[in-house]
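A single chain, nothing else alongside it, follows as structure tokens in the form predicted alone.
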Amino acid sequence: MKIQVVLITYSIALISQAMVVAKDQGGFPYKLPDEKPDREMSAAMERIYTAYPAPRPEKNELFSQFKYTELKGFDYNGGDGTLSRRDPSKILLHKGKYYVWYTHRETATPPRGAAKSTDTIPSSDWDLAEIWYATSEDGFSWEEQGVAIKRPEKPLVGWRSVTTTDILEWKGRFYLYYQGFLEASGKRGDDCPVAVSWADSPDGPWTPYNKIVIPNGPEGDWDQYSIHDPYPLVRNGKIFLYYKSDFNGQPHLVRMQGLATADHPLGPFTKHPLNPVITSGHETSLFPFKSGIAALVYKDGPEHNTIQYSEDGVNFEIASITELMPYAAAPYVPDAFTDTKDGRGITWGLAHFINQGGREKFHSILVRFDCDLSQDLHDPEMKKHRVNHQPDVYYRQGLTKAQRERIMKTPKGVKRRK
């Protein structure tokens, strides 16, 4: 009893002292300080000075809104679902011309699901696909050049589909990493380890390695079924290749991102012991920034719609929270392969819009995005804190038929949880 009285008395003294400190220091300054002030602050105020590069979003070099532009030069068969382009690579500038590689599906029918898939009918938007490429003088108008990576003969890796590629330039040679499907997507998840092809020119011809360079993890590991979205950068004289995988399986997928490193583009790659290194994001999209690496983390997971930063490329922290982030963002990263110690950031790239055409005409299209995530650009329009949408944008996120029926059947004043 005596101990309890002492503890209570001590607690009251601490609370009284904290109230005195708060009272004596005066109100928080009207003009928000750029630097952390020397005073007691709430957890929220502490966080804006310790968790983010700047307390105001418009002064945060890793905060941006995103603007979108329709691309010229790509035809989609009238949107009938038989032609799809998605999952672009980083943009590469070579001899004054921009290059991009992407998943290209052109099939007799739109996707019909795994159960109805055949050698000619795709199960998904990325089934029965090949990797094509296009070039541009300005990043807005593109000229499709044709196939870069064909599907190899069965049973080689990727015989069913080759998809979701990204580019690496290393010592004068070019490498395309991609997912290689050995069966129709959806029959056993998305089981597709990483393969690679190389060329002496971004126009090819491409020589397939015909071996798995990053395998799925062993049974019981988080990446036992899939290694998706290979995304290479050069750092510290090594290849840092980020990838996505899935926990738990359908219908309880949890997507996170891992890292594998190598001294040579063909490996061997070593997965980092701290994987996963990013806990959210549906696709991989990273770039050198200052002395570290920044990541666009969008769609899926507890930290979606964030831009994150890591000094070592492994331990990422949230640098900003934003909105309308690009899906499958493929930025133009001038210093992706220079082993820079002062990454300049990004201002534009390509992405994709999925779910075009509806269920019977399902396909994806490529689109351009612009932003200000750069040390060299200051665009106040990109740094605005919010985007205003017309009402139809919200109405399109309306209740489903089942949700409306559930609401109508619930008696007035009754709380019911399902």
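Everything numeric in this text was worked out from a predicted model, so none of it was measured. A residue's number is simply how far along the shown sequence it sits, counting from 1.
The following text describes the form predicted together with a small molecule, which does not appear among the structures shown.
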Is it the case in the predicted bound form that 175, 231 and 368 each bring at least one heavy atom within 4.5 Å of the small molecule?
no
Would you point out which of 277 to 285, 77 to 85, 336 to 344, 208 to 216 contains residues with a non-hydrogen atom within 4.5 Å of the small molecule in the predicted bound form?
277 to 285
From the list 235, 244, 160, 104, which entry has a heavy atom within 4.5 Å of the small molecule in the predicted bound form?
244
Tell me, out of 290, 299, 97, 187, which residue has a non-hydrogen atom within 4.5 angstroms of the small molecule in the predicted bound form.
299
Would you classify residue 164 as touching the small molecule in the predicted bound form, given a 4.5 Å non-hydrogen atom cut-off?
yes
4.5 angstroms heavy atom contact with the small molecule in the predicted bound form for residue 179
yes
Is residue 309 part of the interface with the small molecule in the predicted bound form - any heavy atom within 4.5 Å?
no
Indicate whether residue 142 is a 4.5 Å heavy atom neighbour of the small molecule in the predicted bound form.
no
